[in-house]
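Next up is one chain by itself, shown in structure tokens, the form predicted on its own.
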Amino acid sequence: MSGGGPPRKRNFKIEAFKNRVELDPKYAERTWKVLEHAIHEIYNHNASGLSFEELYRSAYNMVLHKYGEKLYDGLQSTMTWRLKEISKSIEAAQGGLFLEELNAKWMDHNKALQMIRDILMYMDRTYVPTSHRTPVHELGLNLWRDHIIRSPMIHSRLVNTLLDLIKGERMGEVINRGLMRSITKMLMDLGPAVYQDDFEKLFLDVSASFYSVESQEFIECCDCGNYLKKAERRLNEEMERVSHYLDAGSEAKITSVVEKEMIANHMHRLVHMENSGLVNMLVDDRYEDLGRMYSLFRRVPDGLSTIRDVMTSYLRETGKQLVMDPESLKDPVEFVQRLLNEKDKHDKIISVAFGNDKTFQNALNSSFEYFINLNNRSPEFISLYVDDKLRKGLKGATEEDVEVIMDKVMMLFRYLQEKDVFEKYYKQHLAKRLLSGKTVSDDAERSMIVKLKTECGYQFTSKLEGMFTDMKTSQDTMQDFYAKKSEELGDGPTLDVHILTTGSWPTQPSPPCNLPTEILTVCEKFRAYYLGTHNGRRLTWQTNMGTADIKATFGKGQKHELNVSTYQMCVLMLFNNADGLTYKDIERDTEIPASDLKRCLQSLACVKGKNVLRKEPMSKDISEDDTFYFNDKFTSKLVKVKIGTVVAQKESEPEKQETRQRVEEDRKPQIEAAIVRIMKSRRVLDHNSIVAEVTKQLQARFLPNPVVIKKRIESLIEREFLERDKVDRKLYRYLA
């Protein structure tokens, strides 16, 4: 029993051996023999009878007693001998058993290597680093590489077997992918350089030859669509092959080989292939084939630019044919509709097949801009298309439908270089719609103006907005006129006046015609009222733009209400006092300009179902020798009969020239203003720079002609806004 005090502390001391330990001279040899026997037993699958603890201690002692070199060299020579024996058994394997034997021996070698490494762990940690020798595991791999993989009898047989199996799989044979995976993994485990130098380089060379031959066969017998399907399938097969039994690093290399041999080398032939190339795909809307071409070609250098260039030249050529085709010019609405259809078609192709690629969208836009501006009537036709839609084409359409159509038109409008010409026509067409009350929807009209304003700024649409303001003001004025003057007017004709601000409306001065007395009286009363309420204004009657509703009684007391133009009304009212009148009589009594009078009489006498007058001799055209009579026998199922004026939808050539002249005149002050703005800020500038700057500033509205810019500069020099430099005549100075 111990007492209650603290335990006594004991001191231990380790003393050195008093006598030096003498090792048995045969110790190292004996110990190595034990270890060597153990290594052979491991390779012979008899490791279960070994004591790994004793073996580890033996190896430990050998290293401890400075026999590390003997141990390492013994290991190396033993493993070398074993591997040479293994190589003989692998070499002896016949046919398909070759790879299986190789793989089985590799598995055995790996297991043996792990056990040997565990036994020699102490040597690995101490002797190997200090002696700069290769670690045990790595040594085992290197020996396997040198004596098995690179053995003259195995190396070429191994590579050829692998390549033959891959070729067989390409030809549709089923191979043992698991075994292939093990073999290629073995090559990778021996080091990436072994995989690459001993297998991959050859694999890529053989693949290039295979695909070079196959692509040549395919291109001779397939159309473009089928060829691309085969190329895509081959590409997917190679990627799948890599994922199953090759190293992941091979994917980029083998796909690059397939891309080069199957796509890059035949790119131009494919896109231009007769009856099935890119153009045929575009024409036939073959979205799937186009999508496949896009995804394959994007993998190779210059692939997409090749598709883009062919598409652009095709678009420009077909677009040019479309806009220059004399047949399509006969119907402006159909002309624009065809342009919109082409745009929709190719927009869909770019969206569905080309993944909305911006570079393709830009190519499409530049192509449209190119060919739309080849025809100088495009601005007029686009305006006529809008006019058609806003008159009748959008009846029953929802707001969304209207927006879609207007947005499409705006897309075409953006392509126009001469936006000011479009504005000129749009103003004329809008004026006719507003004055005749023919617009489908005010909201649609305003929506279109908002879009134009967003695109081109306030200046572009200020006059168009002014036209709407005038219509509203006129309505209020007429209400006030009738409120104040209704007693004075009595039962006379009802007058509805649109007061148009000069400058906002596209009115041309036209000589006033002789109005019937009944109408003239009311007009004079309105003039007196208007000038009485607005000081300093002038009123000019635009009789060429008005309409009238008149009641007429025909034979057998049949009554109709005729909706006619002001000119037609003036002509018809003459027949209240005469049964027949010659062309000369009518021209003298009405003073309507000859061209308008002929169109007016043509619509009254020559249009079937609207012929309230008859003419002698009967013919489609009006001549100055014709005589006109009131047509007693006129009948119609309708009470209200609208008699339109025979008028060309498009402008005639003289009218076109006149409009073009007006546009050119309107451009002059804009060009001059741009020159002055530029020179004010720059003070001194050379001629070419002025031309470039003016073009840049004005291209949103139109592309100014350099010759016109030069003339405007001359004009500004004459008016002393600018002067030429005394020394350099190409330099201009701004005069404040």
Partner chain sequence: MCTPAAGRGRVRLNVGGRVFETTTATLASAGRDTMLGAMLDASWNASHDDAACGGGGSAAAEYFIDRDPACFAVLLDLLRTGGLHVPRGVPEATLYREALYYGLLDRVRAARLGDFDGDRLRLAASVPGCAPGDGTAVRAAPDGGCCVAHGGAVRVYNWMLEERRPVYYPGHAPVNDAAYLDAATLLVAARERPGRLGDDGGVAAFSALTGGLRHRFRVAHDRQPRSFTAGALTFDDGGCSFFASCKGRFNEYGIGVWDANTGEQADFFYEPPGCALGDADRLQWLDGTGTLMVATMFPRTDSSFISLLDFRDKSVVWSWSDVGTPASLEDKHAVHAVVMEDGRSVCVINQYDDLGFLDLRSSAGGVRWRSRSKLATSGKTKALVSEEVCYPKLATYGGQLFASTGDTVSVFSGPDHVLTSTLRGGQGGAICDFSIGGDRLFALHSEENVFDVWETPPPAII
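The term rigid core refers to the most C-alpha atoms you can superpose between the two forms while keeping them within 1.5 Å. Predicted, not measured: the structure shown is a model, and the values here were computed from it. Numbering follows the first chain given and starts at 1.
The same protein has a further form, the form predicted in complex with the partner chain, not shown here; the description that follows concerns it.
Though the partner is left out of this view, H132 does reach within 4.5 Å of the partner chain in the predicted complex, counting heavy atoms only. Residue contact with the partner chain in the predicted complex: H560 places no heavy atom within 4.5 Å of it. In the predicted complex, the partner chain sits within 4.5 Å of a heavy atom of F52. The closest heavy atom approach of K620 to the partner chain in the predicted complex falls outside 4.5 Å. Taking the partner from elsewhere, no residue among N44, I90 and F98 has a non-hydrogen atom within 4.5 angstroms of the partner chain in the predicted complex. Only one segment in the set 26-34, 677-685, 52-60, 690-698 has any non-hydrogen atom within 4.5 angstroms of the partner chain in the predicted complex, and it is 52-60. The single contact residue among F526, Y122, F468, F210, judged by any heavy atom lying within 4.5 Å of the partner chain in the predicted complex, is Y122. Screening D347, D118, E251, E138 for any heavy atom within 4.5 Å of the partner chain in the predicted complex leaves a single hit, D118. No residues of 306-328 lie near the partner chain in the predicted complex, the criterion being any heavy atom within 4.5 Å.
Relative to the superposed core, F460 undergoes a C-alpha shift smaller than 2 Å between this form and the one not shown. Once the rigid core is overlaid between this form and the one not shown, R57 counts among the residues whose Cα shifts by 2 Å or more.
Taking the rigid core as fixed, one finds a CA shift for M679 smaller than 2 Å between this form and the one not shown.
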